[in-house]
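What follows is one chain in structure tokens, specifically the form predicted on its own.
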């Protein structure tokens, strides 16, 4: 099963989403803020990153940019899906400009998120 890095500062959101994804068979690693998310992402081993955009210390936009800068020239590209409760006009474009591969809004609808994940990961068995 794919290994997912979930970068989410809200404990309730983190616990709920990680449990729901684990029930679907995903292996989940957790980061609680932007710096930890960047460090874990750069350590590697993840098939996909779910990145909250409203993180303490460094936000998800900047964390994504840092991951993409580190990947530059390596041939490596881990898909990142932006997660945000701020579904404002232009946020999807902002996420793509930061280096995200897709964008989803909170509260997370699991079926919708799984479709987005499958589009980036391919069929999950």
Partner chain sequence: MTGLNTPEAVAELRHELRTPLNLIIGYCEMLLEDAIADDRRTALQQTLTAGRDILERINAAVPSSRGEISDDDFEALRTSLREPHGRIIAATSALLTDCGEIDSEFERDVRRVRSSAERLLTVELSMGRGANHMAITVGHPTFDSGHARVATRPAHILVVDDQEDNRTVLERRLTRQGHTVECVSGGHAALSQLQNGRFDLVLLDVLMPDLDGLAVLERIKANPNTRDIPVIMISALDDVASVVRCIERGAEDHLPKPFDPVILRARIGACLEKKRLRDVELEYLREVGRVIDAATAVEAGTYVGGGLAEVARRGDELGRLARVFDTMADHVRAREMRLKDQVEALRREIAGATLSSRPVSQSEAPSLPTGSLLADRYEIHEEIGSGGMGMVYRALDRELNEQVAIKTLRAEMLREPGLLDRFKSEIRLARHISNKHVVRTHDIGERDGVYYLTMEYVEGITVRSLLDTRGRLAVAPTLAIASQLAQSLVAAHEQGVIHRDIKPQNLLLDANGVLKVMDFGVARLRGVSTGVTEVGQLVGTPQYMAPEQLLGEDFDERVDLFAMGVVLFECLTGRLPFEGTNVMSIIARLMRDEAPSPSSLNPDVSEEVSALVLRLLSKEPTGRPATASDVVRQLSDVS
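Bear in mind the structure is a predicted one, so any value in this text is a computation, not a measurement. Numbering follows the first chain given and starts at 1.
Another form, the form predicted in complex with the partner chain, is not on view; read the next lines as being about it.
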Check your understanding: Which one, 97, 70, 87, 43, lies within 4.5 Å of the partner chain in the predicted bound form by heavy atoms?
Key -> 87
Practice item. Flag this candidate site as yes only if 38, 101 and 117 all have a heavy atom within 4.5 Å of the partner chain in the predicted bound form; otherwise mark no. Key: no
Practice item. Tell me, yes or no, whether residue 33 is in contact with the partner chain in the predicted bound form, where a contact means a heavy atom of each within 4.5 Å. Key: yes
**Study point:** Contact label in the predicted bound form: residue 25 to the partner chain, heavy atom within 4.5 Å
**Key:** no
Practice item. Consider residue 50 of the chain shown here, and say whether it contacts the partner chain in the predicted bound form, taking contact as heavy atoms within 4.5 Å. Key: no
Review point. Is the gap between residue 82 and the partner chain in the predicted bound form 4.5 Å or less for some heavy atom pair?
Key: no
Exercise for review: Can you tell me which bits of 42-56 touch the partner chain in the predicted bound form, meaning any heavy atom within 4.5 Å?
Suggested key: 52, 54, 55, 56
